[in-house]
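Okay, here we've got a single chain as structure tokens, the form predicted on its own, with questions on binding and movement later.
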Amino acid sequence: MIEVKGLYKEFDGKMVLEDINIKFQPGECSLIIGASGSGKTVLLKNLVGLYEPTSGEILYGGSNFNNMKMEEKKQFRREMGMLFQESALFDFATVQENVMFPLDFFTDWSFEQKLERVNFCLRRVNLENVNNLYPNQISGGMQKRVGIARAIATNPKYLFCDEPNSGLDPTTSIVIDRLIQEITREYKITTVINTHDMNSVMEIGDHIGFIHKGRLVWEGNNKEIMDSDCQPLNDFVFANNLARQLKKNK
């Protein structure tokens, strides 16, 4: 479990996050949603240690991440998997080398052990016989699946996804959403997803936190979100649904 307590984050005198209190549970897809500039990306970067909170605590299984020493953080990051917005695969490396990268960095396994894990992860995301291909030789959806394989290579307890469906068509987005959900439940991972995609919200939103102007103003799940009496959330949901409908009708 991840628990955020009284989190504030300030940049150059401007408060970007104010008094964030939220819990993320194992085996659930927790989605952070909000308009551009709301603070959801800043929250994600605080969770993974790219930013230090101005004040407040981020607890992983009861341990305060920000109080850990550098060596402790390095070891702890082995338990974190990251899926980036643009997949962030190394163009100069093959699929196999991309998935093996965190194993090279965090383990002292033999090459054979690492290769076995790489092949297992690629099979788990329904990719086989692509080891020697480069990212520019596979589709965007396949690149996302390679990104997921790399994110789970170290068998993490925590998975962080930043706009995982960015740039994907609706059909492929559903495939990626369901794959993330399956892996989350199968391995009891604590998964936190930063998104503005309402399809993802309705498809896999076990737990949803809506951030508005730096504050967490609503929490619930995908069955409760349409009945919310939170006006900023309703405005956000309506705007996203309207934009999607207009795009569909073009």
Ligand SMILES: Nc1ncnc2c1ncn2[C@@H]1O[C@H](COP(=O)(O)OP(=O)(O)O)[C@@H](O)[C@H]1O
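Note that this is a predicted model, so its numbers are computed, not measured. Throughout, we count residues from 1 along the sequence that is shown.
Just so you know, the form predicted together with the named molecule exists too; it's not on screen, but the next bit is about it.
*Asks:* Suppose contact means a heavy atom within 4.5 Å; in the model of the complex, does that hold for all of 201, 221 and 225 with the named molecule?
*Replies:* Spot residues vs the named molecule: no contact at all.
*Asks:* Do residue 35 and the named molecule come within 4.5 Å of each other in the model of the complex, heavy atoms counted?
*Replies:* Judged by the heavy-atom cut-off of 4.5 Å, residue 35 is in contact with the named molecule in the model of the complex.
*Asks:* Although the named molecule is absent from this view, report whether residue 16 comes within 4.5 Å of it in the model of the complex, heavy atoms only.
*Replies:* Yes, residue 16 lies within 4.5 Å of the named molecule in the model of the complex.
*Asks:* Residue-level contact is defined here as any heavy atom of the residue lying within 4.5 Å of the named molecule in the model of the complex; does residue 51 satisfy this criterion?
*Replies:* Yes - in the model of the complex, heavy atoms of residue 51 and the named molecule come within 4.5 Å of each other.
*Asks:* Could you confirm whether residue 42 comes within 4.5 Å of the named molecule in the model of the complex, counting heavy atoms only?
*Replies:* Residue 42: yes, in contact with the named molecule in the model of the complex.
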